Each structure stands twice: as C-alpha cells, then as structure tokens.
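This document opens with one chain alone, in structure tokens, the form predicted alone.
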C-alpha cells in the first residue's frame, strides 16, 4: 500500500518497520521511469545497462557500509569473482544467462562467507586493509592463471544464449538493459525486505554501538557475517551481469578502481537508504558520459572538482538550497 502521509509517529518497533517498509509514490515513479527510459531513448540502452550494473554494485556496498558501518575497499573481489565465474561457465557450455547468474551469485556469496571472518574483529582501518588485500590477491591470481582467465588479454570466447531460451541479446543492448534492470529490481526488493526487518534494525544497532547492541543480546559478529555474505553475493551478481551482457571479462573487474567507483557513487547518492546507490550510479555515469564527451582528456579533473565541492558544501545543504530554489520558482509562478 502506498504511503501518502505519516499522520502519527510510530511508537513500537513493529509499527516503525511497517512504516519504513511502505512504498512511497516517488519510489513507484522511480522504477516506472527506469523502465520507460528504454522506450524514450532506446539508443542509450547500453549506457543504461552500465548504470543498472553499477547501481547493483553500489547497492552491495551500501548494505555493508550504510547499514553495518563496514568500509570496504575490496568489494571488487566479489564483483570480479562473479564476472569470471559467469564468463567461464558461458565459455564452457553453460550459456543460459539465468543459470550462470545464479551460480556466480552463490559462488561470490560463498567466498564472502569464507572471508567474512577476516572483518569480524578490527577497526575500520584494518577492515580497509583486509578487504583491499583480498581483492589484490584475487587480481594477482587472475593475472597469473592466464590459462584459465586469459590473464592481461582478458577472457575471450564468451557466447551467451537467449535468456530462458526465449530472449536473445540484441546489438543495441535493449535485452541486456531489461535483463539487468529486472535483476536489479528483484535484488532491490530483497534488500529492502532485509533492511526493513528486525534483522535490519539490529544491524543499525550494531552500526551505532556494537557494545550496547551486545548488551541487549544482539550478536554483532553473526550479523556482520550475514550482511557481508549477502553484499558479496550482490556484488557477484553485478559482475555476472557485466560478463554476460558484454561477453568479455578482463582484469579490470578486479581493479581497485572498481571498488573506488562504487564508493564514489555512494558519496554522490548517499548511504543508508538503498536508493543512494541507484541515484548515485545514475549521476556518476551521466556525468562521466557528459564530461568525457566534451573533454575526453580531463573528465577526471571535473569529476574530482565536483566531488570536492560536494564534500565541502555538503549534500544536505545542496538539497535544501535546491528545494528552496524550487519553492521560490513555484511561488513566483503561482503568484
């Protein structure tokens, strides 16, 4: 049921979660526009597919950063693992995309579960180093195992079949975008269900104060392992989508820059409300596409300048100013 107004403040945890989980009209509009844009601008389907994949990757980081307070510089490890798994499966006969996606997602999630023990204890700095170290190790393994991964030349020979045997990938990328958008939407629904549950509420308690959470019977370690594993699976799914929709995997999927891009997306869009990764991915990709179009050699300079201004001024202050400007414009028009 759509929530139009909040006449009273929830007084119990159950009422609070119910209010949080109710759909807002702007959320419905967001997803309708995400689908409609394919028909409004079909020639930009490839770019929109990139945005959907980046949004899913940023969503995976938001789950651990925005709700569990874990800063990771190595989320690309799971992204790359998913990409190579899906690519290798397709290269060796498993060409049905959904099957490859599910296997790659589970494999990345399993690796996340195995490596989660490394981040249970420690400070933010040690977690940064550990997650970065895991990604660097996988990058070096993929580089050395060129008989399997293609090394620096990349994994070639990936041939994807139709989705469910019905929908073949087309040259413009329309099927790819619909496929990625559908996966993003389904995993978003799952993430939404998770963060608006008692488990999600306990995650916020762990993020705010682990000692206080422990004193009321919440196990921080167990919850961190669970959300870290889920986030790893999400990142693996994003990597699998990239491999399947581009039919190519290179070492770039394991680069530090991949993790940095995900964090930049969240800096732009915000953390801890799920839509931050989605909105940030749209803004990041559109800015990158626009800036690289007008100044290919210096787009990073303008992107960096924007981020510096965003951090110095503050996203909240910009939002308030934008709302005030919109209100004044609306008032002048109605006057």
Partner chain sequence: MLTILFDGIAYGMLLFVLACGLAVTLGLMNFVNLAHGAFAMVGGYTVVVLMQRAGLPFLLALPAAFVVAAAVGAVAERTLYRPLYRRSHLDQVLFSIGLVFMSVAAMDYLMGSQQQNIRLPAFLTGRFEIGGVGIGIYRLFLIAVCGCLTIALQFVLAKTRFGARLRAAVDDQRVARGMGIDVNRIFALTFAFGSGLAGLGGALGAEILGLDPTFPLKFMLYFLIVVTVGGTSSMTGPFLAALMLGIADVAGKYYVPQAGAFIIYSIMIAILMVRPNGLFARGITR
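Residue numbers count along the first chain shown, from 1. The structure displayed is predicted, hence computed values, not measured ones.
The same protein has a further form, the form predicted in complex with the partner chain, not shown here; the description that follows concerns it.
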{"item": "Residues 71, 129 and 140 all lining the partner chain in the predicted bound form, heavy atom within 4.5 Å", "value": "yes"}
{"item": "4.5 angstroms heavy atom contact with the partner chain in the predicted bound form for residue 263", "value": "yes"}
{"item": "Distance check, residue 14 to the partner chain in the predicted bound form, heavy atom within 4.5 Å", "value": "no"}
{"item": "Any non-hydrogen atom of residue 272 within 4.5 angstroms of the partner chain in the predicted bound form", "value": "no"}
{"item": "Residue 146 within 4.5 Å of the partner chain in the predicted bound form, heavy atoms", "value": "no"}
{"item": "Location of the partner chain contact in the predicted bound form, chosen stretch of 181-189, 198-206, 129-137, 161-169 [non-hydrogen atom, 4.5 Å]", "value": "129-137"}
{"item": "Heavy atom within 4.5 Å of the partner chain in the predicted bound form - residue from 222, 212, 121, 193", "value": "121"}
{"item": "Listed residue (34, 47, 291, 267) with a non-hydrogen atom within 4.5 angstroms of the partner chain in the predicted bound form", "value": "267"}
{"item": "Heavy atom contacts to the partner chain in the predicted bound form at 4.5 Å, residues of 51-70 in sequence order", "value": "65"}
